[in-house]
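Given next, in structure tokens, is a single chain: the form predicted alone.
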Amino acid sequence: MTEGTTRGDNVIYIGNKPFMNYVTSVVVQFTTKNASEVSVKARGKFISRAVDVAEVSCKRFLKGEIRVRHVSIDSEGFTNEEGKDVRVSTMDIVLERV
């Protein structure tokens, strides 16, 4: 397995849902589903929320049990509805069991 990737469906995509839904998803992946690592992914304006989800998960809910293993940043290009080429930043935060 290469750095920055995860196994199976241990990926959480950050969007418009309430903040705690994402934190709960991270906790469930590590506790109930016994995942060894979880990837928190976000694009654009949701990147700061992804950072907050990772930090709250590591420092409050699973303190001492998980940590940030790897963070990768990138950007994606696509054509929007008006036909204009747009680039959006992306972030992938991989959390691992200690």
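Start at 1 and count along the sequence shown; that's the residue number. Everything numeric in this text was worked out from a predicted model, so none of it was measured.
Below, we turn to the form predicted in complex with another copy of the chain, even though it does not appear here.
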If you check in the model of the complex, is Glu65 within 4.5 Å of another copy of the chain, heavy atoms only?
no
Given that the partner is absent here, does Asn34 sit within 4.5 Å of another copy of the chain in the model of the complex, heavy atoms only?
no
Using a 4.5 Å heavy atom cut-off, state whether Asp9 contacts another copy of the chain in the model of the complex.
no
Against another copy of the chain in the model of the complex, would Ala54 count as a contact residue? Criterion: heavy atoms within 4.5 Å.
yes
In sequence order, which positions of 51 to 89 have a non-hydrogen atom within 4.5 Å of another copy of the chain in the model of the complex?
Val51, Asp52, Ala54, Glu55, Lys59, Val68, Val71, Ile73, Asp74, Ser75, Arg87, Ser89
